[in-house]
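Take a look at this one chain, the form predicted on its own, written out in structure tokens.
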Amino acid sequence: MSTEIDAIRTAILEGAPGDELAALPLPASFRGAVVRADEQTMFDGMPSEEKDPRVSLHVDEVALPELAPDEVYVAVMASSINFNTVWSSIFEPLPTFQFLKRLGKESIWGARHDQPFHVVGSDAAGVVLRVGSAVRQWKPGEAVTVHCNYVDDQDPSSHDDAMLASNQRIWGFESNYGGLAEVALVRSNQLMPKPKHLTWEEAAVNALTNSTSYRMLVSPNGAQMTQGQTVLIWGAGGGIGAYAVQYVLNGGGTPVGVVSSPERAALLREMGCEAVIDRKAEAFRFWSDDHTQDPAEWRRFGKSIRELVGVDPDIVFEHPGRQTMGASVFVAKRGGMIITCAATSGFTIEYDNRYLWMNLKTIKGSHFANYREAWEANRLVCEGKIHPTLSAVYSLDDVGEAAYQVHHNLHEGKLGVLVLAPEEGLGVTDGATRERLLPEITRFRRHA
């Protein structure tokens, strides 16, 4: 750690005011988790499950980029692992350096991102260090979380719904200088207030997955779930599914959670999700071989759902992709919606289209969230109505192991990464709220 970084960390830990923090010298370089362009072919020809983030993710010293007028530097206290970090680390579905090159061609400021390294990470909680000359809403010293919608607000297509912008990107995945680093380069319209009752690591895990679940289920841009609706949630004990369970319960719906172990089933029941399917215990096998799905298994799965809640799901919360989409289309109710945001088990999707068109079902794509949606999702965390799903914490030096755990689904909820925070448990400024909500805040840690 450089002298400048150490001074910044000390000032934050001691609660220095913003003007003092802004007066501290910036480092010429900082440590960050990177993948390297000269290694992007290292896994060519290997099956996805054999590609190892522990080999491809490095913690390197990188030069501090120049600050654009609409940007801020954030001193990152903690970050987290998302599945897009896994994709970056195993260079799937393609190396992210192609994204950086495309961004580099857009403008002088975009050229900073086209580097032979990619600092990854799409979540962060920390403190504003410096603001660009055009930044109006934020100032040094403010504790923030960072959402990952990276969009140019001068592009007319970014207005109305920024996720439809022609140049919309995910920060730390399709841009450089992401959150798994001591300093993050962030557009000012990515900032949100840090929840005061959460630690740095608890605050860092929410923005990407919580905002994604909000858009998918709550927003008019998603399924816009109403009271009494039944929602089937794949991977309900995971990083995105556990937020979905909370939104369904908060919104007066009935979640049906699909998990892969008795421990995850118990976790869901403790959250208040009474209808749980352990797909491994019931040995569901939707594909009889690599090329053939088994409709009998779809029917058996649908029967299990009806036995639990009496109806077919109004909404299917989809993100595994290839393994589950055929079953999802089949089990959704007549006129129901399958809303999907990812394909962690494979991008090539197959389903029987007869069950879609003849039963008037809808498949709807959803991708992260716009600023308003991310802000609302963060507000619910700040108000203690949505809780973090943090199950374990790693150091920045162990980021490869953390990504490996996510790659192989060996974790519950979300995995945090300490960056400048020297230990867990720091950053709380509202102890009374924390004490009141502690069982919900720490639920995933207790079950890990």
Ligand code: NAP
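Bear in mind that the values here come from a model prediction, so they are computed numbers and not experimental data. From 1 onward, residues are counted along the sequence shown.
Not pictured, yet referred to below: the form predicted together with the named molecule.
Would you check, heavy atoms only and a 4.5 Å threshold, whether Ser80 touches the named molecule in the predicted bound form?
The answer is no: Ser80 has no heavy atom within 4.5 Å of the named molecule.
Contact of His367 with the named molecule in the predicted bound form (heavy atom, 4.5 Å)
Yes, His367 sits close enough to the named molecule in the predicted bound form that at least one of its heavy atoms falls within 4.5 Å.
Touches the named molecule in the predicted bound form: Gly238 (any heavy atom, 4.5 Å):
Gly238: contacts the named molecule in the predicted bound form.
Please tell me whether any heavy atom belonging to Met271 falls inside 4.5 Å of a heavy atom of the named molecule, as the geometry stands in the predicted bound form.
Contact with the named molecule, no.
With the named molecule left out of view, choose which of Ser304, Ser188, Thr344, Ser158 has a non-hydrogen atom within 4.5 angstroms of it in the predicted bound form.
Selected option: Thr344.
Just to confirm, with a 4.5 Å cut-off on non-hydrogen atoms, which of Pro140, Gly110, Pro320, Gly251 contacts the named molecule in the predicted bound form?
When the named molecule is considered in the predicted bound form, the option within 4.5 Å is Pro320.
Only one of 344-352, 131-139, 98-106, 196-204 has heavy atoms within 4.5 Å of the named molecule in the predicted bound form; I'd like to know which.
Going by heavy atoms within 4.5 Å, the stretch is 344-352.
Contact test, all of Ser122, Tyr394 and Arg443, partner the named molecule in the predicted bound form, heavy atom 4.5 Å:
Per the other structure, none of Ser122, Tyr394 and Arg443 touch the named molecule.
Residues in 258-289 with any heavy atom within 4.5 Å of the named molecule in the predicted bound form
The stretch touches the partner through Val258, Val259, Ser260, Arg264, Arg279.
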